[in-house]
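The form predicted on its own is given below as one chain in structure tokens.
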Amino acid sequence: MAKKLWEKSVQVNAEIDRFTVGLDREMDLYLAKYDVLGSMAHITMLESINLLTAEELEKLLAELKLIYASIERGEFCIEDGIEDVHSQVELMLTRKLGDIGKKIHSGRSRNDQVLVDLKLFTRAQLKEIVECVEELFHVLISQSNKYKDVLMPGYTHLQIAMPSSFGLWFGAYAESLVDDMQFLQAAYRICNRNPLGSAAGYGSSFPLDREMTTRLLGFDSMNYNVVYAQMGRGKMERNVAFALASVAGTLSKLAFDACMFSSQNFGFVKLPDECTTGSSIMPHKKNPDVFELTRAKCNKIQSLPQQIMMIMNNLPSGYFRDLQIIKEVFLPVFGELKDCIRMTTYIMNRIEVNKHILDDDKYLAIFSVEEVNRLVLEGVPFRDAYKKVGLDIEAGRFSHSKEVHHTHAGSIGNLCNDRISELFESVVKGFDFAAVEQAEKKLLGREA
């Protein structure tokens, strides 16, 4: 068994090692390239305060860039017996550069090292989530505009209620994503603060330049108080999880609608044949498995904030190993959510809409309010108009042209999709991903 970074004269029991390391080696592969980025910023700062020479810094940066490239190619691994990504990177540097490799940990703890790794990983993943949501949003707005004049029943209590439209249906989910993006932006802002330099949560006697590492890594600001920087672990993940759960909630509801509206009892939409699955016994089946799995996966994602809260609840200030377990539920969730968004985007872009739903007179009663309002406009008191239409329906005398004339903002005839799109674009611009990209490229020497 390889010696731990923290081991001295006594080697840890093998079973204790297995239990305490847990899934860290697998989870740390998510963080590998961000660990390298954080180390590059840290050692650049160490050179500026004379804890490394310019020559040592040059050698270390060159090797770290090679490690980063190997990670991007998928060649990096954490070797058997190596505890975590931090140990692996330091080991690789020491093999190549000798004692110089051992100097990168000055002024740093694995506590603030994993904190910065998590922040860098999370902000990169949030960017990808935003890009996926953006694609889905534009598909939904496009479909809303395309089918704005196609009416469908609206429901309350799963009873037919009032006229709706596919313009409203698609557009509603688009606007829901606007609110989700606001939540994502708040999570991004909380995430994009630098904890590096807080060490084990109590700072360092070295004159660390935390402003410098903040700038090098493209953070908006630092987590100033070193105790709070450590207290922020778990809190950041929980807040991000709430934002991801918000997106997942929108997708889950849309998935339910798609499953229900594509069933023969409704027949409002038809899913692309290539996106459905069959039955081993019933040759006619075309099952909406993608949306059923999306619904289940997104409902699971909506439980993530509670899982994180239960892990971190009632911990006092300072670091505790409990926090390690958060990585196991948090790091993989981004891939799961991105997969669900992409599947939803693909199908919603190809879904077929039934333009003749209301030809069936079983939906005639949804126009009852239209008729009540028509009578009110003619001077009939609302309560009298309501009673007359209700009695006509009971007696089977009700009829209507099946046309609607809604003009107020956000209604069938005035979707406000342009304003929804403007709001969405303003939220996207507010992330300012370009500043982070520029900082990371500069650190890696990849500037154009």
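Quantities reported herein were computed from a predicted structural model and do not represent experimental measurements. The first residue of the shown sequence is 1; numbering continues from there.
FYI, the form predicted together with arginine (ARG) isn't displayed, but the following is about it.
- Mapping the unseen interface onto this chain, Arg238 falls outside it, with no heavy atom inside 4.5 Å of arginine (ARG) in the model of the complex.
- Residue contact with arginine (ARG) in the model of the complex: Ser262 places no heavy atom within 4.5 Å of it.
- A residue is said to contact a partner when one of its heavy atoms sits within 4.5 Å of a partner heavy atom; Tyr319 meets this definition for arginine (ARG) in the model of the complex.
- In the model of the complex, at least one heavy atom of His86 sits within 4.5 Å of a heavy atom of arginine (ARG).
- Of the candidate stretches 121-129, 319-327, 336-344, 251-259, only 319-327 has residues whose heavy atoms lie within 4.5 Å of arginine (ARG) in the model of the complex.
- When you look in the model of the complex, the only residue of Lys103, Arg233, Lys148, Lys297 with a non-hydrogen atom within 4.5 Å of arginine (ARG) is Arg233.
- Only one of Asn111, Gln185, Asn192, Ser176 comes within 4.5 Å of arginine (ARG) in the model of the complex through a heavy atom, and that residue is Asn111.
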